[in-house]
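This document starts with one chain, in the form predicted alone, laid out as structure tokens.
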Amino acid sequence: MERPKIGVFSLTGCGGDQLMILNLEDVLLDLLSYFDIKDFQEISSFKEDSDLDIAFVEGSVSTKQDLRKLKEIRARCKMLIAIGNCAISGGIQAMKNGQMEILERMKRVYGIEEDIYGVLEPKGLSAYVKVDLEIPGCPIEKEETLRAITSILHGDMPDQFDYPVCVECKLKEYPCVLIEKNLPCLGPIIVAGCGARCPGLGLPCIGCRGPIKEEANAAAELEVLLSKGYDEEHIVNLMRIFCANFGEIKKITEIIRRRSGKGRQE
């Protein structure tokens, strides 16, 4: 059988999700032998501009160049897989979305008025093109990625997590850091799949895998943390680190900013 042709690409991001694929050391060579690799920057400078069966894309769309590249990739591939929080929802670089105009951010950072970088408000891939599968995380989990790739090789779409980190805490019998330590844990609204790594170390979940699609109740999470004595602005900023483009968190942010009289900085 002809091997599936794949490409692994990066937009605005740190490259960590590509590195996690490379960190599949024990099975990497065997795994890659099942594919015909046409483009994988972290492995080789070799590139072949051919059609692809599968494209893995990390990083957010944060510039016009990113957007052009993404559309070219989508046109080349049969299946597009968003890997990592940046590619799914915009990532950390989106945390100021809706709070400050993108050109104002550029002015504060680079001290220039003109847009010489072609900047866009950071968003995930699905804001612009059809995405066939999402693998969450910052960075992605090796085991979850391996399961997804193996399923695709067998012609199936992988199962995806649809429950919160809290479930994994219970399954592993970890003490609840929200209840027992009074820490600002986002586990109730964040999608599972990490094995509750941070709560297992006695640390609060900070939301790096993003919210549970269509189910995360950010308003209820806000009320719980307010009852624990945390400041409203602190809670919302915590939620926005990885989830600023999530609809309900965007609404909560806007309500609080209007109430405080801050509004969106122009």
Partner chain sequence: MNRERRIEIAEITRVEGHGRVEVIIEGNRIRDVKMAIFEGPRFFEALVEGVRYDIVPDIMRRICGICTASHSLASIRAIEKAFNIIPTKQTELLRDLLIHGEVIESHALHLFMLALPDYLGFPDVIRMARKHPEMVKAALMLKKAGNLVHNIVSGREVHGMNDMIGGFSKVPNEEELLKIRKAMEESKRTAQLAVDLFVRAGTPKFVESENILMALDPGEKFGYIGDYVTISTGDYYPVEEYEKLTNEKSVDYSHARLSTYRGSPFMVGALSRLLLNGKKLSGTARELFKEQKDLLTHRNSLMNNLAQSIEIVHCVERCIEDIDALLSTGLVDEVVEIEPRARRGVGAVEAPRGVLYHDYTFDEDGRVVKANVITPTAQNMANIEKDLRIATQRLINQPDEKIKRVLEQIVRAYDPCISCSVHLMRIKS
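On a predicted model such as this, the values are computed, not experimentally measured, just so you know. Residue numbers count along the first chain shown, from 1.
Below, we turn to the form predicted in complex with the partner chain, even though it does not appear here.
Undergrad: With the cut-off set at 4.5 Å between non-hydrogen atoms, does residue 51 touch the partner chain in the predicted complex?
TA: Judged by the heavy-atom cut-off of 4.5 Å, residue 51 is well away from the partner chain in the predicted complex.
Undergrad: If we define contact as a non-hydrogen atom of the residue within 4.5 angstroms of the partner, is residue 19 a contact of the partner chain in the predicted complex?
TA: Heavy-atom contact with the partner chain at 4.5 Å: present for residue 19.
Undergrad: Check residue 253 for me: does it contact the partner chain in the predicted complex (non-hydrogen atoms, 4.5 angstroms)?
TA: Result no; residue 253 lies far from the partner chain in the predicted complex.
Undergrad: Do residue 208 and the partner chain share at least one heavy atom pair within 4.5 Å in the predicted complex?
TA: Residue 208 belongs to the contact set for the partner chain.
Undergrad: Answer yes or no: in the predicted complex, does the partner chain come within 4.5 Å of a heavy atom in every one of 7, 129 and 213?
TA: No: none of 7, 129 and 213 comes within 4.5 Å of the partner chain in the predicted complex.
Undergrad: In sequence order, which positions of 84 to 122 have a non-hydrogen atom within 4.5 Å of the partner chain in the predicted complex?
TA: In sequence order, 86, 92, 93, 95, 96, 100, 102, 105, 106, 108, 109, 110, 114, 116, 117, 119 come within 4.5 Å of the partner.
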